[in-house]
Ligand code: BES
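In structure tokens, one chain follows: the form predicted alone.
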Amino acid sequence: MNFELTVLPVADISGELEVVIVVDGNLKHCFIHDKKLLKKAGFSCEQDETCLLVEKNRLYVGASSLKGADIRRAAANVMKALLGTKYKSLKVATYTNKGCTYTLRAMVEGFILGAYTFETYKSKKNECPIKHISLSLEEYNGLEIDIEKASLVIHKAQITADATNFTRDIVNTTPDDCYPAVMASIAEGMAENTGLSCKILKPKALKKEKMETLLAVARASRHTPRVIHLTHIPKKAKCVVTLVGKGLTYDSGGLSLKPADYMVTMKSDKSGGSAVLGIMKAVAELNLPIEVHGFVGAVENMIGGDAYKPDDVLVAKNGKTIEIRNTDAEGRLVLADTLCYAQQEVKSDYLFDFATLTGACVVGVGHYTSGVMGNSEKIKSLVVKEAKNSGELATALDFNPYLKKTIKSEIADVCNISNTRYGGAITAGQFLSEFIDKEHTDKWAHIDIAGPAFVEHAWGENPHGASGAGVRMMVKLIEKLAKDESLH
């Protein structure tokens, strides 16, 4: 999709279709040319509601406010409304929240995110027809907008949204087409295109690194595991960030086999690792002045004669022993070793892991919100704040000593599941805390994206299926680290 920025007013720009965002139901605004027709069509100006006036070549969409989240959703729903039409170009004015150009960035992100479709396996495609968007610097409230600043935020929007769609594609790809070796190949190709360095660990190297819990999960699959390490090292980096992602390319549950209906959509269990790949892509293309390392544990959890079993005791890379009571609690085993390896390789100022780790998180906070856990209130607050600023939803889930006792094992150092059905997202996070070393204990946050990563209906700016959860929030957070010296 091509974006063109111009100082010309919207009326003087060529474009097959004009898009008008109706903010807070304000039909009296000077941008609204078709008040009578809109009323006749029953357009009530609700958030995301659209009304296409074909005879006028205008599409109206409602937004509750000029906040970025509302404008992003409105722009995304414009693109969804145009599926199946013949329009190839559109024009639109600039919308800012009291001159803040982040709203312009949100609008551009919305157009790109809303245009996303996953058509790989369909014989008849229904892709978004819009190829060109003209953006006028004519601002909704008549404010003057600096063209260079506007151009920069549009550039950032394109990179961030494209990285999110890149992540969506990986998550949506079927397990027979995206297994650990393929995920590693995707990382290598992306690294070559963006200038990142890329190191891939195969089974022999994983064995040498004593990553036995990860290898145990992979044991019954015909697809051997990989650990991916991507690196972005700019000149004069302001701080160091490490990202770790759970890349379960498919999760059958292992010998603790999932029920049939729970096994559907388990291609999405690679969402955390896919998000790390997307974040690294954006960081490289934005050339942010932060050293960033991305680690992905890419594994397939299957059943077979060589599968690891309930009652096994595994030894993690840091030497801790783990009693296995459920082989479907495998993501935390993969993350345990990958976290240990990441901390061995990089001493970072911030350590974040991303995983579709627990159904309990979805039960607790719903499909659309990520759960943020860790030992540092400051780090958790930073993640939640920047998630909100990026348009994602996240909330902190606090650790407590009573739930920590539920993962105690009588025969090993720790058990891979708790002895209670309650608080499962938190106990999983507390399990991971066992594999965070003293140097990183107050630098780490665990982000459970099980809710928003893959939803089987469209919502907000997100389509059916993969949302790319985690990408925008972490890109925004790393941008914040690049600007705010007090966080170093």
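Note that the structure is a prediction, hence the values are computed from the model and not measured. In this text, residue numbers run from 1 along the sequence as written.
In what follows, reference is made to the form predicted together with the named molecule, a form of this protein that is not presented.
The partner is absent here, but in the predicted bound form a heavy atom of Ile417, alone among Ile417, Ile200, Ile145, Ile154, sits within 4.5 Å of the named molecule. The contact residue chosen from Lys347, Lys258, Lys149, Lys131 relative to the named molecule in the predicted bound form is Lys258, the criterion being a non-hydrogen atom within 4.5 angstroms. Not one of Arg72, Ala74 and Leu104 comes within 4.5 Å of the named molecule in the predicted bound form, counting any heavy atom.
Using a 4.5 Å cutoff between non-hydrogen atoms, Thr356 counts as a contact of the named molecule in the predicted bound form. Taking the partner from elsewhere, Leu432 is found to have every heavy atom lying beyond 4.5 Å of the named molecule in the predicted bound form. Mapping the unseen interface onto this chain, Arg332 counts among the residues with a heavy atom inside 4.5 Å of the named molecule in the predicted bound form.
Of the heavy atoms in Met266, some are within 4.5 Å of the named molecule in the predicted bound form. Listed stretches are 105 to 113, 280 to 288, 258 to 266, 158 to 166; the contact stretch with the named molecule in the predicted bound form is 258 to 266, by a heavy atom cutoff of 4.5 Å. If you take 204 to 227 and check each residue for a heavy atom within 4.5 Å of the named molecule in the predicted bound form, you get nothing at all.
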